[in-house]
Structures are given as C-alpha cells and as structure tokens.
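Presented below, as structure tokens, is a lone chain in the form predicted on its own.
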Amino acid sequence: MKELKKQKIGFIGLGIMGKPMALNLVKEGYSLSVCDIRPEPVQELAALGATVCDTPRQVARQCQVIITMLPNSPEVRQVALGDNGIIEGARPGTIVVDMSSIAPLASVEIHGKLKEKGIEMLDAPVSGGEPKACEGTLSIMVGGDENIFEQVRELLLVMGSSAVLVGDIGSGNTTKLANQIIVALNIAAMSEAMVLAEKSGVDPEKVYQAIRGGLAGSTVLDAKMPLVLKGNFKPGFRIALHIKDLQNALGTAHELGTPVPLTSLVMEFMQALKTGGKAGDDHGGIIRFYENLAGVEVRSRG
C-alpha cells in the first residue's frame, strides 16, 4: 500500500471520541473523507480541509483505508454492511479499521461478510476516554491479520501512544471488554473504600494521598479520585457507554460459559444510576451509588 499520507483516509463517526481522533489525523497531515449523522462535527472537519461524504458507501469509493468509530455493534453492522454501506462502495483490498467498542462475535461476523468481497478488517477498540483521544495517547487493542495491522500501524499511532496486535479478528474487542471490567471494578472498589473513609470521619483526600503510592494505587485511582473530590462528573466516559460495554462483556461471558459475578454486580450499580438520571455522567460517578446508600458525599475539605 502506498504511503498513507498520500491518499484519502475515511473516517466514519465523529462523536466524543471520533472527532478528536480525526482532528489528530488532520493535524498530522492526513487527508480525510468524513461522514457522520450530525452536521456540526462534519463541518468542523470540512473547515480544516476534509472532504464531506453523505454515506459510508461514498467514503468507501474514495478511500482505501476506512476508520469507523461508532456506538455499538448494530451501528457498525449498518455502516459496514447495510444500504449505502462500506461494502457497496469499497474495492477489494480496502482496509476497514473498526475502532468502536462492540461485541467480539459481531466483529467476527462483519469481518466474514466483508472478506467475501475482498475487503480486509481489523477490530481496534481504544482505551483512555476523551482526554487521551484529544491528546492522541489512546491505548489501541487490535485483532486481525498481522500483515494488515502493519500496513496501518503508523496511522494508529497518530491517535494512540500504543497499538498492540493481540490476536485474530475479535481479539481486540475481547481485550477491550477485559479492560472495561477492570476499570469498572476499580472505580467501584475506590468508591466503596472512600465512602467508608468519609463515613468514618477520615479525610478521603488524605486517604487517597496515603495509598496512591502503594499496592492499592492505580491509573484509575489517579484519574478518577481527583475529579470525585471536586464533585466533577463531567463525562470523559459516560456511564451509559460503560453500561453498553458491560452488556457486551456479560453477553460474551454467558456465551462462553464464563462466570463474571463482580461485573454483574457493578452493572446493577450503573443501572441504578441510569434510572436516577445519571447515565450521562462520567463513570467515576459510580461513587454516587455508594454515597446515596451511606448518606455522605466524598468531597475535598480544602
């Protein structure tokens, strides 16, 4: 494949994550053809020189590499395989890099349909939320053929600080589900511990400073605890999206006969918050479930 900077790259899905990822590609000198159901982010990219496309099919006609960043499996299936989808416009040899977080079996299914037409696919979900999407420092977990991965690795590293091939198609999303389980359980553990500290009359900010350098310290703790202390639940990664990921994790686990009891429990916490109107909050807002039960708030005393 010729140098990627010398050809159009397709980008479909310009939401909270997709738009900053696309902007980083433009800043690095890549030429984009973009498509989204909302006009505002499309216009923003167009102002920077991107070509506007009305359908995924139109994107596919212009581009040999197409990135998709969409909410869930049904949207990826529709964009890839539906009417006016990628499959209707792409030439054999086109590479679809789906960076959405979807069910692994859906990735396998979509890949199989595209492969029948000679279209290649990688599943390459990301971790890091909106802040790291803006910085271009996402962690990218990739499933698919190694040769295809190497052809787009340089492109991925514009959007992320790491891009690791973890196995065959679907493996990227399996890795993302594992990541999302660990993140959710970390936030729940942090929440449970800090509400206990607050209820006991111990300053949770001092507890955080005391434990963050020890075995209980984690990237999740350092990312979420300062925001909780400020009462800042502006979404970097919304509870609604984490519910979607845990639904995929539970579905996959049940299909494989793998017990995930802690994941099921945290899912119920999130569902309770959703019912209470907090689905749009950052997933650090899991702590509000515990705060409501205990009748306290974990906030800075400074």
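Numbering starts at 1 and runs along the sequence shown. The model shown is predicted, which means the values in this text are computed figures rather than measured ones.
Unshown form predicted in complex with another copy of the chain; subsequent notes refer to it.
Student: Given that another copy of the chain is left out here, which of 179, 232, 151, 72 has a heavy atom within 4.5 Å of it in the model of the complex?
Tutor: The residue from 179, 232, 151, 72 that makes the contact is 179.
Student: Quick one: is residue 157 in contact with another copy of the chain in the model of the complex, heavy atoms, 4.5 Å cut-off?
Tutor: Looking in the model of the complex, residue contacts with another copy of the chain do not include residue 157, since no heavy atom lies within 4.5 Å.
Student: Hey, in the model of the complex, is residue 266 touching another copy of the chain, heavy atoms inside 4.5 Å?
Tutor: Yes - in the model of the complex, heavy atoms of residue 266 and another copy of the chain come within 4.5 Å of each other.
Student: Is residue 217 close to another copy of the chain in the model of the complex, meaning a heavy atom pair under 4.5 Å apart or at it?
Tutor: The answer is yes: residue 217 has a heavy atom within 4.5 Å of another copy of the chain.
Student: Please tell me whether any heavy atom belonging to residue 88 falls inside 4.5 Å of a heavy atom of another copy of the chain, as the geometry stands in the model of the complex.
Tutor: Residue 88 lies outside the contact set for another copy of the chain.
Student: Picking from 196-204, 72-80, 114-122, 90-98, which part of the chain touches another copy of the chain in the model of the complex when contact means heavy atoms within 4.5 Å?
Tutor: Stretch 196-204 is the one.
Student: When you measure heavy atoms, are 223, 257 and 260 every one within 4.5 angstroms of another copy of the chain in the model of the complex?
Tutor: Looking in the model of the complex, the three residues 223, 257 and 260 all sit within 4.5 Å of another copy of the chain (heavy atoms).
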